[in-house]
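One chain comes next, on its own, written as structure tokens: the form predicted on its own.
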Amino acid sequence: MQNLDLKSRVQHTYEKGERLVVPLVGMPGLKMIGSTIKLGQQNYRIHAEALQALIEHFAPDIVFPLMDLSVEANAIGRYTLFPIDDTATVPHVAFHLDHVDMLPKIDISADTRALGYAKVIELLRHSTDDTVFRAAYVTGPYTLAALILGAQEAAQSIILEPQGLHALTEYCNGIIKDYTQLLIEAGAQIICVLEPSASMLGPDHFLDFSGNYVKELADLCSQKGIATVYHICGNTMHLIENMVKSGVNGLSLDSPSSGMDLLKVMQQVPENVLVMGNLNPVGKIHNGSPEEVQAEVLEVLKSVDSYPNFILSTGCDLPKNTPEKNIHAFMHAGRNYRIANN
């Protein structure tokens, strides 16, 4: 029974000797209903149908939509490509920090794609019961700035033009906060901030150009009783402390193959911060057998038995062609595991 915020639900589940089980499975949902990624990202009914299929087949504790880093960039007019069966991308188009004031002052709540993603949440709010939390993604402020400026140019600007980069990141954060507000009004209960471009930053630069801006998002969500999760692909072992300083409620970790040491993170993170992770999305669950998936899940769960703030998840969105039998094995192993010391 939900009737609890996310942190309380995690604690209540742990006290019963169980874990929340949350695979990131938006893309496989499209395969289940016979849709392409392009249609899923541009047609909110198809998107919602895919998520509903995932809920009915796998019963995750949190349902996450399609992972899409192009929504906000597309909304402000950046060139965006929509392949038929791959995620949308934002190709690099030359931009100079002197032109930040020329970026459009848009109302993202009037953007058709942003409205479509909000509509997905709204449809889920009406079609799901209280056992499933509804999550939504937003692009992180530094990542959105890097999509506009270029990844290499953004990294160079940290040293060469920090004031200009701050102006761009502040502009991006304003767009993201407005989008967050739209998603919350639609019924999102968790906002997950996707910040992959920040994984290459040092701890201080990360705090300056991502963490401090994400804190504004976390504060906005906290005022409305909405949970926040920081998701950064790659090795973020050097960033964990400053990710926590952003004030988010949870961290979503990439897999061990990226360099992530789950046990070390659990030891470093305070108990009031949730940790999600960290099965390799392109490892056994994608290429192995159900038995191998089950063994990997059990290994992860056993390693964190003494930590109440853990949520079993995948390190990132599963590929579209991930075998359903392996997702079922992930869910079955997670659902049937019992914490040894409870």
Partner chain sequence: MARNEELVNAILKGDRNNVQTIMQKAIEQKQDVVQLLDGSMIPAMREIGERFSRNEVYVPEMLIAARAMQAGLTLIEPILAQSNHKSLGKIAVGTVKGDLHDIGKNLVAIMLKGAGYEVLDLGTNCSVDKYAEAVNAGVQIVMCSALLTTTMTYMEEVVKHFKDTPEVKVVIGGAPVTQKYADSIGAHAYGRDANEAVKIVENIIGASA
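Residue numbers count along the first chain shown, from 1. Because the structure is predicted, anything quoted here is derived from the model rather than measured.
If you look for the form predicted together with the partner chain, you will not find it shown, but the lines that follow are about it.
Engineer: Select, from the options 133-141, 224-232, 95-103, 198-206, the stretch whose residues sit within 4.5 angstroms of the partner chain in the model of the complex by heavy atom distance.
Structural biologist: Heavy-atom contact with the partner occurs in 198-206.
Engineer: Sort through 272, 112, 163, 152 and report the residue having a heavy atom within 4.5 Å of the partner chain in the model of the complex.
Structural biologist: That would be 152.
Engineer: Taking 4.5 Å between heavy atoms as the contact cutoff, choose which of 80, 156, 268, 127 touches the partner chain in the model of the complex.
Structural biologist: That would be 156.
Engineer: Give a yes/no on whether residue 238 approaches the partner chain to within 4.5 Å in the model of the complex, heavy atoms considered.
Structural biologist: It does: once the partner chain is placed as it appears in the model of the complex, residue 238 has a heavy atom within 4.5 Å of it.
Engineer: Taking heavy atoms and a 4.5 Å cut-off, does residue 282 contact the partner chain in the model of the complex?
Structural biologist: So residue 282 counts as contacting the partner chain.
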